[in-house]
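Quick heads-up: it's one chain on its own, the form predicted alone, in structure tokens.
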């Protein structure tokens, strides 16, 4: 074999295990992603000073949801695994950070390092749950995979009610969070600090996801999604790749749930019902599967939908009971209607539509100049 390889030109020599060429573009991609993250972080800081506190809280909520939608985009859009249980993974992260923060408060522990430690514990616990579910999901396809994740979405919130001695049942748990650091000033707005905190965590998660997508692991995700048989023949371990995708998606979902718990300073089973899992899946489809920027549009829709529902109900004169029932069912109806319209008008989602419009404008620009 060595004599045969020596007789061949370098570019025609076969590539064996251990001889795979290193992607030299990864370093430049990392630097580009890092520059984008720093620029977005500076924009967030500037925006936090320009808007009112409630808008800061809404932007922080968008950042928390973006963690979950970005992870679900990697799992469903890049790896082809359908998950209906990401709301349960968010609940796992939320309850973990609540238990950790309460344990620290009971022991009288204070310090700025406690919240990052709780967020790290939330990620680790969700990764463990995601690994167990991912191993089972790697053996299933189609409706069976959806059924397993659907069972997870139902079982995990029910555990919080069953073990009420630990999770306090339907009442849920409070999440004690320390005020902003004194170095920021005695009158620093708490909502601005929430945006800075969630924005930093989300940008770090997006940086890792963006580089993962551009790495050989991301290429393996797409290869398994497109054709499992061809990926297996190319030397990719299909089951291992699917479990890795599920673990990565679970980690970001757990971080998103933990950040939501920190923002609300409480966690309860009702906040992570099956409806949330359905909303997350529809949000990534509407935003654009396979694109992290599409996950951003989905997160924005998740936050804007309650305000839109409330505005619609205020247009009509309804009794309190009817208005409450309408506000409970209208979000799902709006989501479903939006999904139908987007799939008909723009099968690639909102981001796909924007990309197509951008390409068409760039194609017309030289003709206009000439």
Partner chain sequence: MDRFVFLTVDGLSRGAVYAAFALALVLIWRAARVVNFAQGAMAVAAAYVAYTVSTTTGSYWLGFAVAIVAGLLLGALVDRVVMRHVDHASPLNPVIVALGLVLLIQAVLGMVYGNEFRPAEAPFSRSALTVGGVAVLSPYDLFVFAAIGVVVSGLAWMFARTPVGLRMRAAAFAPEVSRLLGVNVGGMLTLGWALASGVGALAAMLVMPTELGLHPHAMDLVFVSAFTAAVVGGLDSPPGAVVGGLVVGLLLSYVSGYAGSDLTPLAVLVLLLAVLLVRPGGLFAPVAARRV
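What you are looking at is a predicted structure, and each value in this text was computed from that prediction instead of being measured. Positions refer to the first chain, counted from 1.
There is another form of the same protein, the form predicted in complex with its partner chain; it is not shown, and what comes next is about it.
In the predicted bound form, its partner chain lies within 4.5 Å of some heavy atom of residue 80.
Residue contact with its partner chain in the predicted bound form: residue 333 places a heavy atom within 4.5 Å of it.
In the predicted bound form, its partner chain stays beyond 4.5 Å of every heavy atom belonging to residue 182. Within 4.5 Å of any heavy atom of its partner chain in the predicted bound form lies no heavy atom of residue 96. Partner contact region in the predicted bound form: 267-275, out of 111-119, 202-210, 267-275, 96-104, criterion any non-hydrogen atom within 4.5 Å of its partner chain.
Although its partner chain is omitted here, in the predicted bound form none of 34, 46 and 259 has a heavy atom within 4.5 Å of it. Of the candidates 195, 251, 299, 152, 152 is the one whose heavy atoms come within 4.5 Å of its partner chain in the predicted bound form; the others do not. Residue in contact with its partner chain in the predicted bound form (any heavy atom within 4.5 Å), chosen from 177, 146, 263, 244: 146. Contact residues in stretch 343-360 (any heavy atom within 4.5 Å of its partner chain, taken in the predicted bound form) are 343, 344.
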